[in-house]
Every structure is written in structure tokens, then in C-alpha cells.
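The chain below stands alone and is given as C-alpha cells, in the form predicted on its own.
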């Protein structure tokens, strides 16, 4: 990965819309993040379909007991997911089940990007980031809406990948997230709600390229 550093958050409901957006934007993105709205709207096979066009991260925010986590991750990986996203607040044993079932292909949510994320996840984010590193996760999720938090998470997780949601509709800036240490930014509505998704993705990709060249 790391072509443009953009992960498309594809929170649409219809299969046709999802496939169309991926086809239009694939040259400008590094991966597609699929959440429950699309899986429930289009069926689980959409994971397989999109994985044939782009790496898929299943953003199921997995947060259950270890055995249930294991079952969810195994099914996602069988359907073609390249990685999954799990919550860390359920504890070490639950996270370890995700890591083991995926072969380490897990991104752990440290804190949520919306305002409510400050209430509970933010206050435990550093402990969760430490756990993610210790348990062998691939990386963490840290908010572009509070980019200074990304810098703190980078200090904790070292070389783990940091993917950062909240760019665009939530007010986060790609350059801020990358400047504070994110490896990838996650962009959703700004791209898939556009009348011209390819142009929207290309614009963000160019902004990122200009920022990286100017660093």
C-alpha cells in the first residue's frame, strides 16, 4: 500500500453504488474500508467483490468476547478482507483473539473521531495504543479531527501503521493528519457523495502529494 495514502470509507448501502464508486476511484486510493451499512445493505459477498478490485479493510469495530471476536474475524478474512478494525476497550484477551485469527491484520481503535469520542475512548487511548503494540496488531486508528493526538499515539506505537478517519465531512485535514504522523487518511462522504467521485478523490490525492513533496 501507500500509493496515495487514501483509504476510501465506503459507507453506502447499495451494491451498485459501491461498485461504481470503487471502479471510478480505484486509481486514487490505497484501500477500501467497508462498514456494517454496506454489508447489511448489499450482503457479505460485497467484501469479496470489492477485494478483487482493491484491498478491503472490514471496519466492524469488533468488540465482543474472545470467541465471538475470533469467529467474526475468521469470516471476514475468508471473504477476502485484507485487515479488520477492532475496538481495544474490551481488553487484552479479546484483542488477542482478533490478532490471532487474522494473522496480525488488525487495526485497533484508540479513540473515535466524533465529538463523543472525547468522553470515553480518548481518556483510555494511550493504554489501548500500548496494548495494540504489545499484542502484535498491524496498526491503530487515531482521529484526524484531533491531529495532535496522532502525534502522541505515534510516540507509543512506534512503527505500527496509523490510519486516520475524520478527513473531509468531519472537518479533519489530510495534511494535518499526515503531518502529525498518520500513514493513511480515511475519507468517505467527500468522495462517495460527490457527483464526480473520481475527481474528488484525485483532488485529495493531489493535495496529499503536494504536502508530502513540500515536507
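Treat the numbers as computed from the prediction; the structure is a model and nothing was measured. Numbering follows the first chain given and starts at 1.
Below: the form predicted together with another copy of the chain, not depicted.
In the predicted bound form, another copy of the chain sits within 4.5 Å of a heavy atom of residue 41.
Though the partner is left out of this view, residue 60 does reach within 4.5 Å of another copy of the chain in the predicted bound form, counting heavy atoms only. In the predicted bound form, at least one heavy atom of residue 79 sits within 4.5 Å of another copy of the chain. Taking non-hydrogen atoms only, residue 131 approaches another copy of the chain to within 4.5 angstroms in the predicted bound form. Comparing 173-181, 48-56, 152-160, 32-40 against another copy of the chain in the predicted bound form, the single stretch with non-hydrogen atoms within 4.5 angstroms of it is 32-40. Of the residues in 56-82, those that come within 4.5 Å of another copy of the chain in the predicted bound form through at least one heavy atom are, in sequence order, 60, 61, 63, 64, 65, 66, 68, 71, 72, 75, 76, 79.
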